[in-house]
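One chain comes next, on its own, written as structure tokens: the form predicted alone.
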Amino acid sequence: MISIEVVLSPVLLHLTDVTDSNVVVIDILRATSTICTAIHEGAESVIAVKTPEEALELKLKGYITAAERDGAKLEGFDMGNSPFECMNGAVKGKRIALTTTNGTKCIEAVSHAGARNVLSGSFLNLESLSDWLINDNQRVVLFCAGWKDSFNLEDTLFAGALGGLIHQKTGCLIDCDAALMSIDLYECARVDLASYLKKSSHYKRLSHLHHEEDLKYCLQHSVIHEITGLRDGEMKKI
């Protein structure tokens, strides 16, 4: 039977053994939502790197470079971290080297930790992702990127949405207080998720940078069907 655990921030990852687990990395605003969108829009792959320097090195190998820090696009890169930059054919058939404040380092952190699969989680593919995890029938670890190693609301809400949906469909085991809390939080907020998140620090940060359309887009539920996972060191359609 599937079991579900939630890791609320990167600093807590060392407390959870992810060996042979399906690990869903969650950075709703915006890295994992952007990765899911890029693959949906026809990108060949997205490689998550920790530093801008690593991304620029990959430009020499033909990658599109994408970089963001503190919510803002870095100068000298092809893209920032907005899902809208992946649309209208901009990334079709391309490989993207992406570095962000929070999410990409989390993908890198679990890429060599013995996980069965490392998957990109977003509200955009919530339903399809839940079905994929149920069909694989293995232990699930929901890994929230947070904000600079701290807890954040949006990633925790998605962990609650995904964990709750899997539990609803399967009656699976949940013996993890962080998972139970996440599910309860999502149930409190689900009627109007956008309004609930307006109190959050990252929502305010991105609004200040005029990314309101990104915020609306990333909170859409189940509008993408592709599943994105780590294969040969890069995030690809699986």
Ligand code: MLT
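Keep in mind that what you see is a predicted model, and the values were worked out from it rather than measured. Numbers follow the displayed sequence, beginning with 1.
Only in words, not in the display: the form predicted together with ligand MLT, which the text now covers.
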Item checked: Option touching ligand MLT, based on a heavy atom within 4.5 Å in the predicted complex, out of 29, 66, 36, 46 -> 29
Notebook entry, point to check: Does ligand MLT come within 4.5 Å of any heavy atom of residue 121 in the predicted complex?
Noted result: no
Check: Within a 4.5 Å heavy atom cut-off, is residue 100 in contact with ligand MLT in the predicted complex?
Finding: yes
Next item on the list: Determine whether any heavy atom of residue 174 comes within 4.5 Å of a heavy atom of ligand MLT in the predicted complex, and answer yes or no.
Entry: no
Check: Might residue 180 be said to contact ligand MLT in the predicted complex, defining contact as any heavy atom within 4.5 Å?
Finding: no
Margin query: Only one of 134-142, 156-164, 84-92, 102-110 has heavy atoms within 4.5 Å of ligand MLT in the predicted complex; I'd like to know which.
Written below: 102-110
Item checked: Heavy atom within 4.5 Å of ligand MLT in the predicted complex - qualifying residues of 109-145 -> none
